[in-house]
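A single chain, nothing else alongside it, follows as structure tokens in the form predicted alone.
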């Protein structure tokens, strides 16, 4: 079984994001970048499937700038066998990424595509679903458990009301949720081995994909700071403030 895992380069989740001085975009100068946490969970799940003897090859793929090679090398150190970078400096929207992934799927014919449910920068939660629509593959989003039996995959999904179990035929697309697994750390020997693993590079033009943005970013700004709360002595004072100051009750 061939598994394709999508990886996105994002600002590290421990870093506080700040806008540029002219408020035109997020300031990425001298900012630590990492694999999107949900993508890292997807990589871990692929590696676990290979350790169980279910998967035979893991291909990590990223669509983004040349610097995304760093995140692909991390995925290789975690256990991926080879990597593909679709290099572009354009600001990518979910549909453009899905189209690039679809072109790679046509060339690689993977049995399973694993992705993070969303990226922590755009928070769109769209690419997996769009890729499923483009490929015609079955999809299971927000996965918290995956079981594969032959050409069937069973996925337990996290939904608003609890858990939902779905069964799909392979090939299929699964997006990983937070509780699917806990990613491992890359060991130093594996980091060194990853430097020698295959990493192919192409461009959206090579794939015949137009990634020109359809949405224009007008500005970026920090959310307004919340005012500090106050303590009230008793219920009577609370009701008085709700009625006379906040004016939310009458």
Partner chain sequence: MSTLVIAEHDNSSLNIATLNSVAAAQAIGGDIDILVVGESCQDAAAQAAKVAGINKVLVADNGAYANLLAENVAPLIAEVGASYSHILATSTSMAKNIIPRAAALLDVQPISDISAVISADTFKRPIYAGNVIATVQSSDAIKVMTVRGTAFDAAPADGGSASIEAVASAHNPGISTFVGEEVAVSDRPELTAAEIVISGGRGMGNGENFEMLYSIADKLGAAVGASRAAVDAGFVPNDMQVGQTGKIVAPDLYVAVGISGAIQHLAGMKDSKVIVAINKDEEAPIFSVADYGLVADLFVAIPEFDASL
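Numbering follows the first chain given and starts at 1. Keep in mind that this is a model prediction, so the values were computed, not measured. Heads up, when I say rigid core I mean the largest set of C-alphas that superpose within 1.5 Å between the two forms.
There is another form of this protein, the form predicted in complex with its partner chain, and it is not shown here; the text below is about that form.
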Legend entry - 4.5 angstroms heavy atom contact with its partner chain in the predicted bound form for residue 81: no
Inset, instruction - May I ask you to state whether residue 139 is within 4.5 Å of its partner chain in the predicted bound form, using heavy atom distances? - result: yes
Legend entry - 4.5 Å heavy atom contact, residue 22 to its partner chain in the predicted bound form: no
Legend entry - Residue contact check: residue 103 to its partner chain in the predicted bound form, 4.5 Å heavy atom: no
Legend entry - Listed residue (146, 76, 85, 132) with a non-hydrogen atom within 4.5 angstroms of its partner chain in the predicted bound form: 132
Inset, instruction - Would you mind picking the one in 49, 199, 186, 220 that has a heavy atom within 4.5 Å of its partner chain in the predicted bound form? - result: 220
Legend entry - Stretch 233-250: residues contacting its partner chain in the predicted bound form, 4.5 Å heavy atom cut-off: 233, 234, 235, 238, 239, 241, 242, 243, 245, 246, 248, 249
Legend entry - Large Cα move at residue 226 between this form and the one not shown, threshold 2 Å, rigid core: no
Legend entry - Did residue 12 shift 2 Å or more between this form and the one not shown, C-alpha, core superposed: no
